[in-house]
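The chain below stands alone and is given as structure tokens, in the form predicted on its own.
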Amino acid sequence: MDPSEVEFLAEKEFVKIIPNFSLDKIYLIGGDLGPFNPGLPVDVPVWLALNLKQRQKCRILPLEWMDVEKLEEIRELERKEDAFTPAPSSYYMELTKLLLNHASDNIPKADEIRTLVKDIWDTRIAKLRLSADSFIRQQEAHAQVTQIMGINHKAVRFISYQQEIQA
């Protein structure tokens, strides 16, 4: 999958918003949303939250894991462990990019969150590189890798391709 496809999938994830308008339940192919009442939180897909935010119809609440303390814990655990640790979300990189690019005014400590997520990403990519390097040096036929996300699969293919060229 390329990054735009992964971002498309991430936009289907749900986020809480605080609408500033009233609207009865809306019926979509993907499921019913609402009702929307001013000041009352409601879960909507990211694509709708971003659309409403751009039209100044809502405030987006940060995702549960989008907290500096939680991300610092995840970063430290990722650095400490040799194996991949569970990511905060299946689409944590894409969701961070989308929400911080379009709703950073709704996310407390947005710059710190961006930096922590990038640190987690960099640590995971470094682990991938080390694993691929070791795998190729040992001339293994196959490997099992767990706890990686869709966009990481592309990175694995790219790292493997680089290793083949260098060999």
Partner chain sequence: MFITDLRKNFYDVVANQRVALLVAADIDALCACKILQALFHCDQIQYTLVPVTGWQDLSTAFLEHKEQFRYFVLINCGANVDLLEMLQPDDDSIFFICDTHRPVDVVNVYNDTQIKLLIKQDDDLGVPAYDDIFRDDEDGGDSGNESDEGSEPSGKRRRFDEGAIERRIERQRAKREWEARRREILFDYEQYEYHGTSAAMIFFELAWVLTKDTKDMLWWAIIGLTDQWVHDKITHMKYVSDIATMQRHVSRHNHRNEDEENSLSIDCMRISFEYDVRLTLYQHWSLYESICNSYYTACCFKLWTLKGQKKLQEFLADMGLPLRQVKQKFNSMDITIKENLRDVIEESSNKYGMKDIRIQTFGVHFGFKNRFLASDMVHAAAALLESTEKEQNDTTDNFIKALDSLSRNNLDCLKAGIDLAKKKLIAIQQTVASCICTNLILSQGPFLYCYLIEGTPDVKLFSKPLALTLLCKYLLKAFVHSTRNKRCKLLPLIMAAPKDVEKGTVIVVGIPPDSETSDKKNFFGRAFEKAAESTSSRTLHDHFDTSIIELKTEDRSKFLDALITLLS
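Residue numbers count along the first chain shown, from 1. The structure presented is a predicted model; accordingly, all values stated were derived computationally and were not measured.
FYI, the form predicted in complex with its partner chain isn't displayed, but the following is about it.
- A heavy atom within 4.5 Å of its partner chain in the model of the complex is found for one listed residue only; from Ala110, Ile60, Leu128, Val117, this is Ala110.
- Just one of Glu69, Asp32, Glu64, Asp105 comes within 4.5 Å of its partner chain in the model of the complex, counting any heavy atom, and that one is Asp105.
- Only one listed stretch (118 to 126, 22 to 30, 35 to 43, 48 to 56) carries heavy atoms within 4.5 Å of its partner chain in the model of the complex, and that stretch is 48 to 56.
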